[in-house]
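Shown below, as structure tokens, is a lone chain in the form predicted alone; questions about how it binds or moves come after it.
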């Protein structure tokens, strides 16, 4: 889905932390935001997803203005670097959680979780607890859970930061594969310019995009 952001301003605790940000992403593009810590990349993600309120400006996805739409109705998911999996649930239950929220019955949502486990190459691990998985496996579960929500747009916030280089390469290849198979529009935050070059159709530099305030 096509994303358009125009003159976006975000304020937290009466302090303007993002000023006059504008960008556009075409449907099906994989775009990376690269820039120094604290320049506002993650704040932009949270604004797009509806986690932080927008003071002014517009966020438009697939022709629909998102500003006043609740986060759970936006069709946008974030995969955070700390993954935020539920330790009290099995792997399959974690993946199926977005479907549970939609009211899909248990049998159907767990069947879909099994399909997504295959997509992320974790077949047979659905009954495990997430603390029984490696860091790379947990990242795959987080991706599968995001895909279960059938998002219009995927936001990846430093998705490989906790992984060693071999696992990073595996995850890069997997995410590119899923990006194409699910025909998603994807926006990724990374501090690694080489990673951005390997994965992206286009790179946006944080220092040129964001205005420090």
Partner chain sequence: MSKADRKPYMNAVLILTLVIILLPVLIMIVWSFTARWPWPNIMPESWTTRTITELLYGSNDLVSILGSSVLLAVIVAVLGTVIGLMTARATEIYRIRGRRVVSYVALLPLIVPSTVFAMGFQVTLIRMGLNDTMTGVVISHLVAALPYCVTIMMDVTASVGDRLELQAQVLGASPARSFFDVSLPELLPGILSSASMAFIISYGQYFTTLLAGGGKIKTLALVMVPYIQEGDRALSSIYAVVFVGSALVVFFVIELMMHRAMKGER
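Keep in mind that this is a model prediction, so the values were computed, not measured. Numbering follows the first chain given and starts at 1.
Another form, the form predicted in complex with its partner chain, is not on view; read the next lines as being about it.
Taking the partner from the other structure, its partner chain in the model of the complex has no heavy atom within 4.5 Å of any heavy atom of residue 134. Contact check for residue 91: every heavy atom lies farther than 4.5 Å from its partner chain in the model of the complex. Although the partner is absent here, residue 108 sits far enough away that none of its heavy atoms falls within 4.5 Å of its partner chain in the model of the complex.
Its partner chain in the model of the complex is approached by residue 146, whose closest heavy atom lies within 4.5 angstroms of it.
Between its partner chain and the residues 60, 69, 51, 167, the one pair within 4.5 Å by heavy atoms in the model of the complex involves 51. In sequence order, 71, 72, 76, 77, 78, 80, 82, 83, 84, 85, 86, 87, 88, 89 are the residues of 69 to 89 having a heavy atom within 4.5 Å of its partner chain in the model of the complex; the partner itself is omitted from this view.
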